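Next up is one chain by itself, shown in structure tokens, the form predicted on its own.
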Amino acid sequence: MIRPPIALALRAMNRFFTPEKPLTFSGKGAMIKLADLMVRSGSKRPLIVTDSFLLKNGMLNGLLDFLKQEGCDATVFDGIIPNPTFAVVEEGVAAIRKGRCDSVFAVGGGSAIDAAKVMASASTSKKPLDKLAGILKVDQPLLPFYVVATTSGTGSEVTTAAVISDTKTHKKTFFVDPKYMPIAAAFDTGLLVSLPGPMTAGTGMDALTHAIEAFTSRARTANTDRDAATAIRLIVEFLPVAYANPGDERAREMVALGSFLAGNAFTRAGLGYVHAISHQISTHYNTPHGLANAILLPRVLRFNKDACSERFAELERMLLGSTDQPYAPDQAQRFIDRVDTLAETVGIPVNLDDIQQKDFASITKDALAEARSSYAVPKVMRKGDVTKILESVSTGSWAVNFA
């Protein structure tokens, strides 16, 4: 059994601290609509947080032209890297102070959004970054914060958390507070269609992981179930389309909305062992977060099968459009098989070449500690279970024998 206090704590957070979903814009031109809202709300000196790829490829030209036409003096910070560090955040805070910025406007994936959240917080606080880390440590209102999500997976645009790597230890550090929720978010299909196939696959499977872990969490609610189930339906249907036809704007928008709903669900219900293990793998090998989740998800589903049989079966009946059918145990296996097929369809590899056996003990220890302290998992893993999963990831087989 899981430790009940974790589920109780998440339920308390849901009731007393979790804000409503942010206002959203979607479709072509959504980024400019969001920027227009920011300007009409009084912002004149925004910090634009992004990465060098988006900036150099002209994908922000329309935004910058619009802000200039509106008389804004924008500062651009394009120093975002995968798995951003404390040093990156501190550089962004310095840019805010130098530009006397009055708002933060993030354009990018989870790395950009997470870093921008902490920049918006640290710039108004006298606390050093390490004192802002943790749960409910934000002591001042953030600078007004807006998000344009250019990937469809992290859900960071609707979460109350950010993950930043400690520059010295390289360990993932969590910043969790309802104040990190942006005022509004945009899903601009004009940007989303440029996402490469491997990133489309990895981030989409990341979003699916969020939704499934929320749906099977011991801290789930009727509202998180609704959002998670809808997210699963959207991602399963439209991710293969977006992967095969990158220019399909409807598919891109549907996957983005699925990611948004999945993010909302896991913010309230929590995550599970896929994330607990993948965070450690990314720390050790700098593996993209979405890819690590995608590789681990089929294995953890098999671990949870007995504990989640009815939940998996419910999802399978939903995807078949036969919710009136009675429960049957084989429905759970069919759902797992469906996830296997989806992963294969979008090119997710079965194994991860970088993983090394000498790191198994460290990865296992830290993954179990993260899950134990943070997640209301449906079934508790032991050291041997994590080791079996890591061996499977190393050798390359979805199937893992947990007997």
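Residue positions are given as counts along the sequence shown, with the first one as 1. On a predicted model such as this, the values are computed, not experimentally measured, just so you know.
As for the form predicted together with nicotinamide-adenine-dinucleotide, it is not shown, yet the points below apply to it.
So, a 4.5 angstroms cut-off on heavy atom distances: do all three of 228, 375 and 388 pass it with respect to nicotinamide-adenine-dinucleotide in the predicted bound form? Contact check failed for every one of 228, 375 and 388.
(message) Using a 4.5 Å heavy atom cut-off, which residue among 315, 163, 122, 261 comes into contact with nicotinamide-adenine-dinucleotide in the predicted bound form?
(response) By the 4.5 Å heavy-atom cutoff, the listed residue in contact is 163.
Among the candidates 321, 326, 196, 71, the residue which, in the predicted bound form, approaches nicotinamide-adenine-dinucleotide to within 4.5 Å (heavy atoms):
Exactly one listed residue reaches within 4.5 Å, namely 196.
Is residue 51 part of the interface with nicotinamide-adenine-dinucleotide in the predicted bound form - any heavy atom within 4.5 Å?
So residue 51 counts as contacting nicotinamide-adenine-dinucleotide.
Partner contact for residue 253 in the predicted bound form: nicotinamide-adenine-dinucleotide, 4.5 angstroms, heavy atom | Contact check for residue 253: no, nothing within 4.5 Å of nicotinamide-adenine-dinucleotide in the predicted bound form.
- prompt: Can you check whether residue 305 is within 4.5 Å of nicotinamide-adenine-dinucleotide in the predicted bound form, heavy atom basis?
  reply: Answer no; every heavy atom of residue 305 is more than 4.5 Å from nicotinamide-adenine-dinucleotide in the predicted bound form.
| Does the 4.5 Å heavy atom contact test between residue 59 and nicotinamide-adenine-dinucleotide in the predicted bound form come out positive? | Residue 59: yes, in contact with nicotinamide-adenine-dinucleotide in the predicted bound form.
Location of nicotinamide-adenine-dinucleotide contact in the predicted bound form, chosen stretch of 239 to 247, 131 to 139, 87 to 95, 111 to 119 [non-hydrogen atom, 4.5 Å]:
Residues of 111 to 119 come within 4.5 Å of the partner.
With the partner left out here, which residues of 184 to 210 have a non-hydrogen atom within 4.5 Å of nicotinamide-adenine-dinucleotide in the predicted bound form?
Sequence-ordered list: 191, 192, 194, 195, 196, 199, 203, 206, 210.
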